[in-house]
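What follows is a single chain, given as structure tokens, in the form predicted on its own.
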Amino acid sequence: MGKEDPIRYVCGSCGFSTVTRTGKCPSCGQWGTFEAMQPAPVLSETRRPGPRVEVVSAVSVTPPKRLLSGISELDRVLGGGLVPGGAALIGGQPGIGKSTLLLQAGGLVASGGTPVLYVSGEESSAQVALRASRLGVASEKLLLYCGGDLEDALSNLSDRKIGFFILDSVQAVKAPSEAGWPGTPNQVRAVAQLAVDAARSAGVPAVLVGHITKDGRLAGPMLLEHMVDTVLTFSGEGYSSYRMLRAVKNRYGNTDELGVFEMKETGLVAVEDKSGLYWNRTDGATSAPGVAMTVALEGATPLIAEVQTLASLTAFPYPKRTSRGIELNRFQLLTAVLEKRAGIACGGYDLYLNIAGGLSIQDPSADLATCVSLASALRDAPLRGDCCYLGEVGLAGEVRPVSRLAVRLREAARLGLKRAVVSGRERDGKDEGIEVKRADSLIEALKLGGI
């Protein structure tokens, strides 16, 4: 008879496990996050035969017929809609609008004739019904279950012929088969497994709401994010009415898409023209020194971005470098390239960079606009207000091509820009309704910008 496996304790913050219970997690440093996990039951020696292996090329594959939520931005971030049998997890700060977004989606799906089950473990029936009435999505096909027993809630899937269900949230309901309070790691894992299994067995899409910790990550074990097919993050600033929806993980679509919503009294409204959020549409042929335009890509969405740089003389031996919207290390690298390859001294200035509107750019296509903006601020020479700069800048001072140039140029032309400075190696971008100037090096780009 073999020795029994000891009870393991798992940290609910980072997933670290140990056989001895302790107050502080040695991995993440959090206190009071350990929960006991019972050892897995020993399998019987007489096992039933499992499914036979199959040849991949012989397996018939039919693309899933997606269920549209009725919210174009949500469907696009999901990759084209909700996948039957798929489970998505959406996380965000308290009060950011997760429940509002999903209740709107459920109401729109229900209005199309598909029964929808909304499971709420945090609010009463009156609270959810009041919000549904305010949003204008109340429907006879929108069914509501308010309670903490998940198995009881999921029993309605087959009885009511549900075509889509929402669980709000995985930390607020309880799986009767598992010990512990709702929200503990064991309970979160069991609740998510019940919801995912129910969605797959019934062949209906499911969306789960997850809380986040003060560090900004989804609360519960890391296993939670692996169990679902899609992980979405819903974020926004407290001073702004705009909300950003991104896919961190998506088995059925792209993870680079960005959905933008505006919070209004009637709910969340999709923002179609996203470039208007990050550009003040300044009229005139010139702009202030240190301001350069570029076109960044968020997934397949082109966004006009305004790169602003301020150079201020300093008397201190160590000039300050501050960047918001572009990684600070990248900004410092481009500053060194500008000084070494273009001969523009930066050492005696405090340099501040900002991407207007709070946009964060990871796309290297903004390198050229950053360098031109920096040179403009240092030389106190304004740039043309109707020109954009698209290119990656290398350490040798060369301007490299960017991806999907034609899409960027079309967006620039649509918003009224007249000229674009791109890499001399570009072979794309003809006949896009905008004058294209090509530069092989940073020095040539600065000359085209009038610096």
Ligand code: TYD
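All residue numbers are counted from 1 along the displayed sequence. The structure presented is a predicted model; accordingly, all values stated were derived computationally and were not measured.
The protein also exists as the form predicted in complex with the ligand; that form is not presented, and the subsequent description refers to it.
Using a 4.5 Å heavy atom cutoff, none of Pro289, Gln308 and Lys447 lies near the ligand in the model of the complex. Of the candidate stretches 369 to 377, 224 to 232, 143 to 151, 92 to 100, only 92 to 100 has residues whose heavy atoms lie within 4.5 Å of the ligand in the model of the complex.
Shown without its partner, this chain lists Ser158, Ser312, Ser177, Thr266 as candidates; in the model of the complex, only Thr266 has a non-hydrogen atom within 4.5 angstroms of the ligand. Proximity to the ligand in the model of the complex, defined as a heavy atom within 4.5 Å, holds among Lys340, Arg134, Lys320, Arg251 only for Arg134.
Residues from 391 to 425 do not approach the ligand in the model of the complex: none has a non-hydrogen atom within 4.5 Å of it.
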